[in-house]
Every structure is written in structure tokens, then in C-alpha cells.
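Taking the form predicted on its own, here's one chain by itself in C-alpha cells.
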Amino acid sequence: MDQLLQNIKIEINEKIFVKNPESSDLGKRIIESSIDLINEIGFEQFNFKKLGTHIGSNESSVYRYFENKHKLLLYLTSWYWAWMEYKLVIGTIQMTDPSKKLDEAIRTLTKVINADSNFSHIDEVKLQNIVIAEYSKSYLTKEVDSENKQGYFSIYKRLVERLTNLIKEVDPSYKFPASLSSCILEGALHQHFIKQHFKALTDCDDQLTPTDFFLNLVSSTLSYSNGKD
């Protein structure tokens, strides 16, 4: 799967950026450094002036690629969800058993990334940290409805739909497949966050992971064995 992932091309909504950062070395440096910097100092403290300093350029060079830091965050999170979608598709494409396909999808979408090597300018481990901590800031805005109409969240919505369809394959009679699907994706981010910062609010720890929790939740909800019988 890693070899296949090396050959993929992530497509992001062109309305999110002014100039595609994948089109130049500077653009790739902007993406690489923004991931490093946001992961280090957080999105609130991050700005284009600091990013310019980090890449050894001026602030105006960043604006040639992104209108503002909100659009940059949308780009990074969209890239992450597209990458996760590819991993899900490739990881389940040869599976025929619906329950096993759903289990593998849940594992892919909820586990912590330990290593990465597929994209030289994108550290997926750090990017996952950013998504866990910052993703909600990309849509908890007054402009969310307008941005949704422009397709800014289409990749995330497509991923939810893929997971929804896998749930339907396991239990066509279940009334809330989309709700459960979005709960898994959002809930995994939340569980990873509170595991790091509010340990008393979760049962997840070094032994019990968010993946364990969601495998148990889904198998109990849909009444299947999640491949462990």
C-alpha cells in the first residue's frame, strides 16, 4: 500500500488557494513549514509573518498562494482527509466481507500515525496532530455555509459517505448510518484530543485506544463480531 500511496496525487478544491502550492518548490516549502510551525505553536499563534521568517522569505510570498491562514488550514485539513480516503480505499479494495471491510476502515480512520515516508514535503504525523487539535476551527465559523456551498468540505463529506456505505453493507436496516459515520470521524479526533489533555474524560489510554473504543461501539451498535470470533 505504501508504494501505491507514493504515486497518488491529492486534488484540493482550487477555490481554497490562490496558486497551487504543489506547483512550485516555494509552495511545497510553505506547506512543509506551515505544518511544522502550526504543530509547534498552534493555529492561534501562527501567522504568515512567522511563516515567512520560517521559510526565509517575506510575508507577501505566502499571500501569493493563500488568501489567509484560514484558507491554509482548509488546505491542510482537506489534504489530510483526501490522504485518509486513499488509505481507506486501498486498504479495503481486496476485501469482500463487509464486516472486515468496516473494521479495517475504522482502524485506518481512528489510529495514531506512527511513521510516514510517502510525501517528502508533508509530515503526516505532524499533520494528524494538527487535524486532531485544529480541525474544528476550519468549520466553526460564520462563513461555514457559504464555504460548504463552494465545496470546501467536499473531501471530508465524501469520506463520511464512504464510511456510511460500509456501515450500510454490514447492516442495511440500521437507521443512522451517516450519523454513526460522522460520529466515528469526529469522535476519533475528540478522543485523541481528550486522551492527551483531559485524561479523566476518557477510558482511552496507552492500552485502550480510540480505535478499540470505536470498534467496540460499532460492533455493539450493529451487532456483529468485528472479526474476533
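From a predicted model like this one, the values you see are computed outputs, not experimental measurements. For every residue, the number given is its place in the sequence shown, counted from 1.
The same protein also exists as the form predicted together with the DNA; that form is not shown, yet it is the one meant from here on.
Checking S182, N47, N165, Q196 against the DNA in the predicted bound form, a heavy atom within 4.5 Å turns up for just one residue: N47. Look at 165-173, 32-40, 47-55, 188-196: in the predicted bound form, residues with non-hydrogen atoms within 4.5 angstroms of the DNA sit in 47-55. Proximity of A178 to the DNA in the predicted bound form: non-hydrogen atoms within 4.5 Å are absent; the residue sits far from the partner. Heavy atoms of C204 never reach within 4.5 Å of the DNA in the predicted bound form, leaving it off the interface.
Looking at E161, you'd find every heavy atom of it more than 4.5 angstroms from the DNA in the predicted bound form.
At a distance threshold of 4.5 angstroms between non-hydrogen atoms, K19 is in contact with the DNA in the predicted bound form. Contacts between 63-91 and the DNA, taken as any heavy atom within 4.5 Å in the predicted bound form, involve Y63, R64, Y65, E67, N68, K69.
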